[in-house]
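Take a look at this single chain in structure tokens; it is the form predicted on its own.
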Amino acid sequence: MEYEAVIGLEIHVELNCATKMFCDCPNSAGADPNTNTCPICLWFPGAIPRFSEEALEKAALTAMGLNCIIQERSAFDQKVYYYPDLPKGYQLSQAHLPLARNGWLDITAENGETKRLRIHKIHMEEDVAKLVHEIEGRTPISLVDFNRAGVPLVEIVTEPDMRSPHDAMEFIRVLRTQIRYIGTAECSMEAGTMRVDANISLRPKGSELLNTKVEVKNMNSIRHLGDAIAYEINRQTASLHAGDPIVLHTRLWDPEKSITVAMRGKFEGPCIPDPSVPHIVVTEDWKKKIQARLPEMPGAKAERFCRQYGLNREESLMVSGERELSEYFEAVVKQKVSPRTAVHWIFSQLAPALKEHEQRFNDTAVNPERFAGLLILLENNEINAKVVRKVIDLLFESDQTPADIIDQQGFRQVSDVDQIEAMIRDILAANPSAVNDYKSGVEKALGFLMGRAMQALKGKGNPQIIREILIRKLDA
């Protein structure tokens, strides 16, 4: 029998709020263990949580950016389970009345067509503490760091609309881009600010059944997510062909062995309404104010880039892929630089240089004004492409303008026609065999003569003028 996969994702996203969700402790990574704590996030008896308005606003912005409908009323429940990272015995989460429902994201399917994947709900919850496992002597010990306890999260639960690892990976890529555009979270799987669990089941192809699922955790990259889903599809297929039943349980992904490993049985504890946090009731006016804070989203921006700047679809998708990059591009173009010139040099030279210097588009010494100034000199034929590559590196080391660097280094392009013609006459006279090869139809001869001309001008000649004069004299 042929089977198809049914895949749904549960994504925890850590909001970049200044404080935790129910107290004023800093929400900052990297602090010494158990320093960002107070009686509330340590869950001392009698401590009363105070709900963060910033967390609500950022959660609502996230949901709106994912095309979800904000519910008029939402509420927190006590999600009861017992684990060392949760000493009060429950987690505050929105199990019954979530913040938002019925969202969607469009992805590019494997066949190149657009595919819409639905979001079932988005709810808020507090993060739990972090367990740290160490060896003391020969004795394994587990320690608890409460710095993460109470950090504001949203959990995004999809509908089981995905059918392949590709679908899941593309959904996470699009989701990450959307949320980074909104600016409410960093969405780094590697740093743990976005955590993804995948629920995978199999059913006979063509069936509408939802069969027993297996949950896979511990995937810290999009590639690992795809690999884990692919492995689990193969494992479950082999089990079904062998007549073994699929049992509801949770598995871990082992990236070193590239396998999933059984972790524990799947257990859902009770969720009861929490009496300490009042219901959240939002008005239409409040929702409109939050909606007004949403930036132009990447899909709409890509379409505008095609219309406004004449970019093709591939170029517009590349430039609109990250908010910082898209804003940098537009700032460069506003300096009267050709959009295609900007795209080419941003991706071919500037982006790799930023990575090498560990800088970002919104925080770099090569700001849009300096970069645009360099490209304008190129478009005005005052420098050539080779000089642009050299000057980009120098812009990281100096606060001078591109024009000053070029003058100081003697990089100005030689465009004087009389000077170039005199030089070319000498080159043609000194290379008669290359001239004869050109006249005999040998294509490489022109390149050879171009190289000799550029060498004579120490790389500062205008290639376009040199080529035009060379061809005119050779053809004559």
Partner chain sequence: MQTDLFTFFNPSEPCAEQGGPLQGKSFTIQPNMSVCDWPTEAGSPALKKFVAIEDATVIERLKKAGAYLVGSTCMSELGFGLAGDTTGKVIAGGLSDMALMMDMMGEVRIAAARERVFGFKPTNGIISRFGLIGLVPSMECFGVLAKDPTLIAAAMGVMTGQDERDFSMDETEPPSFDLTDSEKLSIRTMGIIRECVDVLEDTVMSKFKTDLEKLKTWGFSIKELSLPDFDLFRTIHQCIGSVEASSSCGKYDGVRYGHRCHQAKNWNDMYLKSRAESFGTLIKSYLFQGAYFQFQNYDAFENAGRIRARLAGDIHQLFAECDVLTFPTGNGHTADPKTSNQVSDIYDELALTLPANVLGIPAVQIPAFSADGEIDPGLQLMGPRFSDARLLATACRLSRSVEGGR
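Numbering follows the first chain given and starts at 1. Since the model is a prediction, treat every value here as computed from it, not as a measurement.
Note that the form predicted together with its partner chain isn't included here; everything after this is about it.
Contact with its partner chain in the model of the complex, judged by any heavy atom within 4.5 Å, is made by just one of 352, 310, 255, 87: 87. This chain appears without its partner; in the model of the complex, the one residue of 381, 276, 234, 400 with a heavy atom within 4.5 Å of its partner chain is 276. Here the chain stands by itself, but in the model of the complex one stretch of 435-443, 418-426, 45-53, 59-67, 45-53, has heavy atoms within 4.5 Å of its partner chain.
Among heavy atoms of residue 82, some come within 4.5 Å of its partner chain in the model of the complex. Within 4.5 Å of some heavy atom of its partner chain in the model of the complex lies at least one heavy atom of residue 39. Of the heavy atoms in residue 300, none are within 4.5 Å of its partner chain in the model of the complex. The shortest heavy atom separation between residue 220 and its partner chain in the model of the complex exceeds 4.5 Å. Contact residues in stretch 93-119 (any heavy atom within 4.5 Å of its partner chain, taken in the model of the complex) are limited to 96.
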